[in-house]
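In the form predicted alone, a lone chain appears below as C-alpha cells.
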C-alpha cells in the first residue's frame, strides 16, 4: 500500500516504471483520460477545489464530467466516514459523458473521508492517494488510533499512499488552514495534471470578485505554494491531452444550463421554494433574469410557488416553477389546476433519492411514475427528461414551446447527477424562434369561447385577461366550453377527451428514438435521463467484446415516442437500466408474479405488452459503466441481470 511507484499507465511494465523512478527522474504518464477526486470534511472547500479544477480542465479543451459528493446534513461531524464532502472529476481528451468506474488519484484531507470512499469501492486498486499527514502523529491518541485502524483496513488494496503536510504548508500563507488548504490542494493537482495557471487565477478572481482583493491574492498564493510543493516532492505527472475545438464552447453544470435555457426560451417568471438539489437554478436566474425583463419569486412554500406560477401564466407570462421530489408532491393540486384550466406551465423536477425527505443530496430517478400519475383524476401532461447538461439547456426551450402551443403542463425531469455535474459543450447559437411571439392582445373575435376546442386536436385559443370580449370565469371545477361549471356527462367526457387529445397530437410530431448500435440483436438496453452516457459506454464495451447489444434512450415519457414496439421486436430481449428500485428475482419471497419492476420498465411493459426486464440500482450515486456492462453480460449468459 505504501509503494513508491505511482499507478501504471495502461500497458506499461512495472520494471520500466521502477527503473525510471530509481534514477530520480519525474515520470510523465500520457493517458487519454483520468479520474480524480478531492474529499474532506464538510466546510473545508473540497467542492470548490474540484469545481475549479473541473472548469479549468474543460476550458483547456478536455472533455469533463464532475460529480459532487455532498453529505445530507448541513454541519455533519468532522472526521467521520458519513460526513465526506468533495468533488469527483473525470476528464479526458475526448468528450466525457459519465463519471466512469474508479478514481485514479485522490486528495484526502483526513483518513476517515478516505476510508468512506474505500468502503464504497470508489477507488481504483492502484489509486494514488495524497493524504494529509497531520493525523498520523496527532496529539490526540484516539485520532492516532483512528489513523492506524483506517490504514490497516485500506491495506487490502494496492493504493500508493503519499503523505502530504497540507495544513502545515497552508499555514505559511493563512492563519486558518480551513480557509486555504483547498487551494493548496488545487495547486498540487495543477502541477500533477499540468493545468493552466492563468485560467486558475481567472477562475479564482471570478469566484471571489465580491470580496476584498486580498482574498484573491491569498488564494492564488496558496495555489502557487501547492504547485511548488508538488514539483519538489512528487515523482510523477499525468498528461491528459486536450482536444482543440474549432467552435466556441461553454462550461457549466446542469442547474446553470436549466436557468440559461429558461432565459433563452423567453421565460420571464420563475416561482420556487428552496429545495436541494434544485435551489441553484433560482440562484443562477436571480443573477441574470432581471436583465432580460423577468423576475424570480421565492414563495412561502412549494404550494404557493406553483400557484403563483399559474397566476403569472394566466396573466400571459411564460411561467416556470422549479423543485425536487418532495416539493412536487406538494404541488400536485396546483398541477391539476393547470391541467384543468389549460394554463401553460413548465415544472422542473431535479430528482433526488426518496421517499419522504429520503436522500436530499443523492441521485435517483424515482419520480417518473409520480410525474406521470401522481394526480387525482385524469390529468394528462407532457413529461420529458434531458440526458446531458447540454440537454438541460435545450429542454427548457422545448418545454416552453410545448407548454404554450398545447396549453398544458410540461414536467422536465432532471436529477442531482445533472444538476451539479459540470460539462463543456458547444456554445448554443441563439435563435429568436426560441422566444415567445409577442402576445396578441387585440379584441377576441365575437363568439369565441374560453375553451373553443378544435375537436380534432383539442387545441383552443389562449385568452389573456384584459382582452376585449375575452372575459370568462376560470375554475378548477369540471366545466364546459363556456368555462361554466358543468356536471353534465357529455361536457365532462368532452373536456377529458380534449385534454387527452392534445397529447396524441403532440406525439404525432415525434420521431422514433435512435438505436445506438445495430438495429437488431440479442439485447436492447433502454434508458432515460442522466444514465445515457454510462449506458452507451457500457454497450460500447459489450459490442467490443462481440456481443450483439444495442441501446436506445428515451426523451419523452408522456407521450412516449412512437415506434417502440417495432424497435423492441427486432431484439430477442429488452432491458431497462434505471436509478430506481426494483425487486431482484431470487431474493426471499420475490417471484416473477409479485416482483416490483423499475419505473420505466413498468411503463414500457404496459404500453407495448413486451416482456421487458430491468436492471436497477439505488446507490445514491450515478451508475457506473462497468457495473452496467457486468449486468449486460449476466443477462445474456443467465437470462437475468444479477
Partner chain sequence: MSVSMPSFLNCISDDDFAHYEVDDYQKCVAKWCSGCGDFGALNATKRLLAKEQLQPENTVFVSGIGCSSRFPHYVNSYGFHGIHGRALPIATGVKLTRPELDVFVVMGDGDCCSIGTAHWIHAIRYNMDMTVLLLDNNIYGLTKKQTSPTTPIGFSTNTMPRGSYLPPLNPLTATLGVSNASFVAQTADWIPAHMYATLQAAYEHKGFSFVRILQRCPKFTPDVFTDAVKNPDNNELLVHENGIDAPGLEKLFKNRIIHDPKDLDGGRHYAEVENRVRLGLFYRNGELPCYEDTREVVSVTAAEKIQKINTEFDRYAV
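Note that the coordinates shown come from a computational prediction; the quantities given were computed from them, not determined experimentally. Residue numbers count along the first chain shown, from 1.
There is another form of the same protein, the form predicted together with the partner chain; it is not shown, and what comes next is about it.
- The listed set 315, 510, 329, 120 contains one residue whose heavy atoms approach the partner chain in the predicted bound form to within 4.5 Å, identified as 315.
- The single contact residue among 138, 79, 163, 249, judged by any heavy atom lying within 4.5 Å of the partner chain in the predicted bound form, is 249.
- Every member of the trio 343, 428 and 469 reaches the partner chain in the predicted bound form with some non-hydrogen atom inside 4.5 Å.
- Stretch 484 to 492 is the contacting one of 109 to 117, 382 to 390, 555 to 563, 484 to 492, since its residues have non-hydrogen atoms within 4.5 Å of the partner chain in the predicted bound form.
- Looking at residue 293, you'd find a heavy atom of it within 4.5 angstroms of the partner chain in the predicted bound form.
- The partner chain is not drawn, but in the predicted bound form it has a heavy atom within 4.5 Å of residue 59.
- Of the heavy atoms in residue 334, some are within 4.5 Å of the partner chain in the predicted bound form.
- Mapping the unseen interface onto this chain, residue 307 counts among the residues with a heavy atom inside 4.5 Å of the partner chain in the predicted bound form.
- Along 540 to 557, a non-hydrogen atom within 4.5 Å of the partner chain in the predicted bound form is carried by no residue at all.
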